[in-house]
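In structure tokens, one chain follows: the form predicted on its own.
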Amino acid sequence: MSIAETLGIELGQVVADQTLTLTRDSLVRYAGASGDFNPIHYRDDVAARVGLPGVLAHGMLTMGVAIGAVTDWLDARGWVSDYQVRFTRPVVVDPVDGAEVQLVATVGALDDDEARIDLTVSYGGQTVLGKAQARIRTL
């Protein structure tokens, strides 16, 4: 049985369409888990001093929450065999409102054993993860 038949998907199908909120709390938790305590991820004064528009989300955090939507959809039916992105723009996380990141995941290619999921990830109407693609396989 092909992956399309197993998962009930077809080319161009949207498998996830979500708005994800990153907060300063998210950044602190990610810093603790990753060990990335660069102050541009939690101190407004440091971010401003180096010319940034504000405290930035870790790129890998943004990448991680984006693929989380795909793995949630996939559930226990399969796994991500490859995932790559290009970081194109920063996500500025407001201290009160956080940052809303929009995600749309679409089936971009299919063959018998594998599907490519193309992710469009944007913040403030601009793409933040370019050429974001995941390859998935079934168990």
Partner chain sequence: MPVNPDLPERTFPPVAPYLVGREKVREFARATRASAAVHHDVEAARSAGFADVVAPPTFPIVVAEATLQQLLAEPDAGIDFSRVVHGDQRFTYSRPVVAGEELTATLRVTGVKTLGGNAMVTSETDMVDAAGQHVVTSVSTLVVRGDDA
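Positions refer to the first chain, counted from 1. Please read these numbers as outputs of a predicted model, since none were measured by experiment.
Heads up, the form predicted together with the partner chain isn't pictured, but that's what we're talking about next.
Student: Given that the partner is absent here, does Gly68 sit within 4.5 Å of the partner chain in the predicted bound form, heavy atoms only?
Tutor: Although the partner chain is absent here, Gly68 would touch it in the predicted bound form, with heavy atoms inside 4.5 Å.
Student: Residue-level contact is defined here as any heavy atom of the residue lying within 4.5 Å of the partner chain in the predicted bound form; does Val96 satisfy this criterion?
Tutor: Contact with the partner chain, no.
Student: Does any part of Asp112 reach within 4.5 Å of the partner chain in the predicted bound form? Heavy atoms only, please.
Tutor: Asp112: no contact with the partner chain in the predicted bound form.
Student: Determine whether any heavy atom of Asp82 comes within 4.5 Å of a heavy atom of the partner chain in the predicted bound form, and answer yes or no.
Tutor: Residue-level check for Asp82: yes, a contact with the partner chain.
Student: May I ask whether Ala47, Glu100 and Ser122 each come within 4.5 Å of the partner chain in the predicted bound form, counting any non-hydrogen atom?
Tutor: Answer is no for this spot.
Student: Counting only non-hydrogen atoms and a 4.5 Å cut-off, give the residues of 7-32 close to the partner chain in the predicted bound form.
Tutor: Counting only heavy atoms within 4.5 Å of the partner chain in the predicted bound form, the contacting residues of 7-32 are Leu20, Thr21, Leu22, Ser26, Arg29, Tyr30, Gly32.
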